[in-house]
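What follows is a single chain, given as structure tokens, in the form predicted alone.
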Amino acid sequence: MSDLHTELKKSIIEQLNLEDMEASEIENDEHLFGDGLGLDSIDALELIVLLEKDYGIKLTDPNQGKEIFNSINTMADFIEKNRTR
């Protein structure tokens, strides 16, 4: 597990106030929405804010969100390729 994966898990837990969850409980390939972690559309907005605030990434196409926020792996891959911070 890379540092970015761990950092991302901790940021998601903090940003979404998942107080009863530890970073180690989130699998890198686990779906973040639906049957996986169970996030919803409000959480997606929080993740968009997280990308901009922590990594300087502003999503220009909202349709990208479904692909980017599929799992920790897809988020980390997108951040590695697009981060400005």
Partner chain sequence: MSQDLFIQSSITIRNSKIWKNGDLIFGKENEIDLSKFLKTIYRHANLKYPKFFKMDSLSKLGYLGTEILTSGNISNKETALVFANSASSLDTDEAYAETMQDFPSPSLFVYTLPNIMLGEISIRHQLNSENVFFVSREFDPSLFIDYCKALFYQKKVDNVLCGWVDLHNNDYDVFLWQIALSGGTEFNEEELKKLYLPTHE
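It should be emphasised that the depicted structure is a prediction, and the values quoted were computed from it without experimental measurement. Positions refer to the first chain, counted from 1.
Same protein, other form: the form predicted together with the partner chain, not shown, and the subject of what follows.
Screening E19, E25, E67, D61 for any heavy atom within 4.5 Å of the partner chain in the model of the complex leaves a single hit, E19.
The shortest heavy atom separation between E46 and the partner chain in the model of the complex is within 4.5 Å. Using a 4.5 Å cutoff between non-hydrogen atoms, E52 counts as a contact of the partner chain in the model of the complex.
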